[in-house]
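The chain below stands alone, shown as structure tokens; this is the form predicted on its own.
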């Protein structure tokens, strides 16, 4: 834990809690150089749409269609069953209001697509988007995606102040859960507001591991590895291979090359790393899938590179990083849903089985628990 970062973020969040909108404005001026209205106007939505070439509009619409098609299959039905004239099960309800943080350094309309589409499929009623303004404006592609998804609440807010505003309801209605990646300050702010609101995950630097044998196209493998290093100096890339020739070809700055004796050893090493993205480019990639336990996403074959998944395949690119794939997974529609336990017990079953609860209440010394069950006739 970086305690300097923790205390720095904590102080800003404290200011936002105590001083409200004035603190949000102050930090917006300081960090974003912005001193205007936060909520994007209808005129700004219209202006953004005019700026986008028709060809790009078609690309965005087709990409959203592919993401929607993939994610709508994830929606689960309520799981109910009847036993002894009683009803039991799990029902699913969408989170009512969410916040989506869209980074602004490099405009990422794909982030809004990847989070916004499953949220809409889940039935989330209210979506607020925050993103840092550049020269007082939100990226037009981000606004166009928002419009296509029916999102009218977009705020010119970035960084810690955006997370604080969403979590505490400053300058907007409070959200119930925050989604979206960000830098170390945004991540730390999300960590600190967890409990006040829900969060999706704490996304770290991008990662890729490639398992490849002698059959793999060297150029494909190299550029896939380099594509993720492009995200920043903290990004990580591993090549796990049985091919000495491929290992030598991909020995470049930033790429950790591991020469293994077998593909099984490659899979074992991948499980230790638990990468965000795992490509398997071998003669028979499907044979290795059963050996993989820890990965945010598995992409098989020569024509499933990570950048394609990031953009147009339809699979979600919001994935666990930093080894978190050992205990968590890809963003799905169900991350926008809550599981609620349901029971409707018949008199007959209750009276027949309540002796179990009565005795357990006696063991735990909870007299009113016992009385609650005994009093019913």
Ligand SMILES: N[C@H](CO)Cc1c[nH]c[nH+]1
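The structure presented is a predicted model; accordingly, all values stated were derived computationally and were not measured. Numbering follows the first chain given and starts at 1.
We do not show the form predicted in complex with the ligand, though everything after this point is about it.
The pocket of the shown chain is open, since the ligand, superimposed from its pose in the predicted bound form, puts no atom within 2.4 angstroms of any backbone or C-beta atom. Proximity of 108, 206 and 276 to the ligand in the predicted bound form is complete: all three residues have a non-hydrogen atom within 4.5 angstroms. Of the heavy atoms in residue 241, none are within 4.5 Å of the ligand in the predicted bound form.
In the predicted bound form, residue 350 stays away from the ligand, with no heavy atom inside 4.5 Å. By the criterion of a heavy atom within 4.5 Å, residue 335 is excluded from the residues contacting the ligand in the predicted bound form.
Although the partner is absent here, residue 312 sits far enough away that none of its heavy atoms falls within 4.5 Å of the ligand in the predicted bound form. Contact with the ligand in the predicted bound form, judged by any heavy atom within 4.5 Å, is made by just one of 96, 137, 218, 231: 231. Contact annotation: the ligand lies within 4.5 Å of heavy atoms from the stretch 304-312 in the predicted bound form, the single such stretch among 57-65, 39-47, 336-344, 304-312. In the predicted bound form, not one residue of 349-377 has a heavy atom within 4.5 Å of the ligand.
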